[in-house]
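Just the one chain here, laid out as structure tokens, in the form predicted on its own.
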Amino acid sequence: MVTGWPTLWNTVDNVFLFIIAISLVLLLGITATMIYFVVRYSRKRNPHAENIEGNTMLEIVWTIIPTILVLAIFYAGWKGFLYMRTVPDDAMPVKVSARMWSWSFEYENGRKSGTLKVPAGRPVKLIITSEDVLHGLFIPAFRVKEDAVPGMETYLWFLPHEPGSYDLFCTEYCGVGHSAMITKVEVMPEKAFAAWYEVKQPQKRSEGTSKHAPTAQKEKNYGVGARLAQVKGCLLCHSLDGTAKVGPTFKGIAGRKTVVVTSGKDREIIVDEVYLVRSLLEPQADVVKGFPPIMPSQKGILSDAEIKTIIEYLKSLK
């Protein structure tokens, strides 16, 4: 538990309210002065125009006061910025990968998740990068935002106090699926997070112990494949119920006849394992007719084992 650290949203909100207060005072002052001038110097009161000479003191005042206000706003903003960029020593690091159009979070113990799960009361440092184009990670509840830039790492940190579910989304237009690039920050009680964070090693099954082992393994692979399809963002563009989204539906995809565009020419194919692998690694090679060629290559993103698991999952979707 971090002590002595105010919340980030208090820091941001205080600067915002400070600027709003100054703006309201100026608005009221300028409006009151304008009304006074309209009444005091109306044509009825002053039928003959007069030449008004400059007032040195007034000019000094309206130069000094705005300068002081601007410097005060700069100081408040700079102090808040330094605080936001100074990560506490005990912050929990989480690697964040952005891609069209999903988020992936990886923890120190190797665990990965499509939602950001964090313990309440402990600062969290997000180490952010992008696998394709520019994205923007924004968590409104904690007043933090940082760009995810291809080829470099950026960072931010925040202190989640209260358990709950908070929105996390992309603020940089990154393509047709941009509006769906939304996930959650799940702030969990410390004990609940510790139980989730613990990686449980799969128990080894002795050979020949159960005739149901192949079925159990198949069901396990199906669950892993479904999780991978969710975490890797596949289901943002492909449905499971036959509905066409940005890409063709996964329902009954294996063995289905479809027309693809290859080098500008239409041709009919049967979707098999070879085609599915090529679609993941070289998605522009054979684009399903009627759909935009926007799928990013998964080469270097998915391991061979993950590709195999996802394809087995797709083959099972009848």
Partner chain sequence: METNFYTYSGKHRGILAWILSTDHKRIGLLYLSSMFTFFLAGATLGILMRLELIAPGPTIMTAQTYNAVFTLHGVIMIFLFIIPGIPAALGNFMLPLQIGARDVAFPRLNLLSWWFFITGGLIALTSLFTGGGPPDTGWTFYVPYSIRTGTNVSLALFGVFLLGLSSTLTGLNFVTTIHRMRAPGMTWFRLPLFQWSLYATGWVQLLATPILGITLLLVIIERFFGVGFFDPAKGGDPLLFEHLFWIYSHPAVYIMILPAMGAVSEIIPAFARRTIFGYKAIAYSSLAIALVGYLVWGHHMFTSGMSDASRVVFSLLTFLVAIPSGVKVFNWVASLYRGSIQTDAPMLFTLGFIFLFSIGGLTGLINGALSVNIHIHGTHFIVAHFHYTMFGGTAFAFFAALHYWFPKMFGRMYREGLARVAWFIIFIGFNTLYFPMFVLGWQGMPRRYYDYLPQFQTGNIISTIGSWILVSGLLLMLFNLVRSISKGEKVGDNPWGATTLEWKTSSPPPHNNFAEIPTVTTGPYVFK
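Just so we're on the same page, rigid core means the largest C-alpha set that superposes within 1.5 Å between forms. Residue numbers count along the first chain shown, from 1. Here the structure is a predicted model, which is why all the values come from computation and not from measurement.
Not on display, but discussed next: the form predicted together with the partner chain.
Relative to the partner chain in the predicted bound form, residues Ile127, Ala192 and Ser263 are all farther than 4.5 Å at every heavy atom.
For the chain shown alone, Glu59 is a contact residue for the partner chain in the predicted bound form, at least one non-hydrogen atom being within 4.5 angstroms.
Put simply, Phe138 is close to the partner chain in the predicted bound form: some heavy atom of it is within 4.5 Å. Residue contact check for Ile270: none of its heavy atoms lie within 4.5 Å of the partner chain in the predicted bound form.
In the predicted bound form, none of the heavy atoms of Ser303 sits within 4.5 Å of a heavy atom of the partner chain.
With the partner left out here, the partner chain still marks one of 164-172, 90-98, 108-116, 223-231 in the predicted bound form; by a 4.5 Å heavy atom cut-off that stretch is 164-172. Contacts of stretch 38-52 with the partner chain in the predicted bound form, defined by any heavy atom lying within 4.5 Å, are made by Val38, Tyr41, Ser42, Arg43, Asn46, Pro47, His48, Ala49, Glu50, Asn51, Ile52, listed in sequence order. Relative to the superposed rigid core, the position of the CA of Gly247 differs between the shown form and the other one by 2 Å or more. Taking 2 Å as the criterion, Tyr41 counts as shifted between the shown form and the other one: its C-alpha moves by at least this amount when the rigid core is aligned. With a cut-off of 2 Å and the rigid core superposed, Val288 has a Cα displacement that reaches or exceeds the cut-off between the shown form and the other one.
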